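Shown here is one chain on its own, the form predicted on its own, set out as structure tokens.
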Amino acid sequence: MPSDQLPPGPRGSSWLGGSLRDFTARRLDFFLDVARDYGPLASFRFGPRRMFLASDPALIEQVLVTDAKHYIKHFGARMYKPVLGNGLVTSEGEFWLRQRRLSQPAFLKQRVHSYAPAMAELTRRMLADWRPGKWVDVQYEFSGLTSAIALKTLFGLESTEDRATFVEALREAFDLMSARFRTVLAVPRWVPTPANRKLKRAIRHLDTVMDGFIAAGKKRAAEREGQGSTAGEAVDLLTRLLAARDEDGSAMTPRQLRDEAMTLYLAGHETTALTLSWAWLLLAQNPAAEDRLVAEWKAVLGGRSPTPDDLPNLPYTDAVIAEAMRVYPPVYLIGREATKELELGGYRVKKGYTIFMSQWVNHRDPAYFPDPGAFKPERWLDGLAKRIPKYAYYPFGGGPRVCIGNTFALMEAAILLATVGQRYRFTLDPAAVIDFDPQITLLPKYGIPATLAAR
């Protein structure tokens, strides 16, 4: 029988907010401290909400896999519905399953590989504007690049003037919603506060631009169909989603198409941009690892961009990406809310309780990653991924809701890393302050300022 007692955990710094103040002030360290001080299953409050932190891989697997059908996305994730709508990240139940089924064929390995030439070409266009000695913000540059790639592979569109304002509105909306997450009692969105009015304007702008992207993508798909397919031509994801049919022959509604397009656009650029940004920071700080990486590219690629066929021959590149996502996971926290009374780790999980699982915590567990704070790509070269528990390392989540675009993201990261890295290295600004801004993803708080140097 599960215990009616709560797992051990911090009492919190305030009677009303519980641990919310500590979480807000030092989010990443808060989870590390809770896991270290209270063990594999800990408990705390955010205002009236009861939270558990599961840090044992077996408990995480129970939540994400074994008992997955009895959990939904937690309240914090649901806060992002005004932007993401009812897409794959936020939808639940049979609706989610239908959308996943309709979207899955677009992410088959062969189809994902067809986007590689566009990824390489857009990277080369970015490099054409670079010069040795130029100052850049690494995160800004790669965010712009992966955003352009998402626009091309999702809608078949080249970069547009709308993209920059779209990304700005997206960031503003997420900043405002993240602020709501940090309050005990958020003001309802219908109350016309200054923050709510700004959020409403940002969402209205996002919808207008996304509708324009979809309309332009549909027009391009129609033109392409009228001209006949070109052998070997990559078909954008929007075209595949438009053509997708469920078992009963039904297609996505316009609203469903908008929600999935918004979700895929966001997921298709931000996490990969962060993976690359953090990877270049770590490589700049670890020149021996960078030298080994460049030697691999020289031996295998000889200066050209990699193709999907090259990727199995780039094991150290793969290890660098894996290690960057271990040290600085772009998605550092996921949560699930119980829809019925359950058991976890010998404790009773009541309906409505939230289970947090933190990649930031698990990826730093010295039991599986000796010297966890060090950047050591070579740790992945001797079969580590197969030796450790599955949920000791889970940068793309897990279970039925594992990220649908993980193959796309890993291929994109490898192609962009090698294409850029054979031409340039990044010298960090010695006065740079590198800090974290953990929102829905793990952002660099002040960017990553660096100077370009030719190879």
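We number the residues from 1 along the sequence you see. If you're wondering where the values come from, they're calculated on a predicted model, not measured in any experiment.
Below: the form predicted together with protoporphyrin IX containing FE, not depicted.
Although the partner is absent here, T263 sits close enough that one of its heavy atoms falls within 4.5 Å of protoporphyrin IX containing FE in the model of the complex. Contact check for V361: no non-hydrogen atom falls within 4.5 Å of protoporphyrin IX containing FE in the model of the complex. Contact between R100 and protoporphyrin IX containing FE in the model of the complex is found at the 4.5 Å heavy atom cutoff. Protoporphyrin IX containing FE is not shown here, and in the model of the complex it never comes within 4.5 Å of any heavy atom of A58.
Checking 422 to 430, 34 to 42, 47 to 55, 393 to 401 against protoporphyrin IX containing FE in the model of the complex, the stretch whose residues place heavy atoms within 4.5 Å of it is 393 to 401. Of the residues given (L170, V89, I355, A319), V89 alone sits with a heavy atom within 4.5 Å of protoporphyrin IX containing FE in the model of the complex. Contact with protoporphyrin IX containing FE in the model of the complex, defined as a heavy atom within 4.5 Å, holds for exactly one of M177, L257, V331, V83, namely V331. For the partner-free chain shown, T263, L264, A267, G268, T271, T272, T275 of 253 to 288 come within 4.5 angstroms of protoporphyrin IX containing FE in the model of the complex, judged by any non-hydrogen atom.
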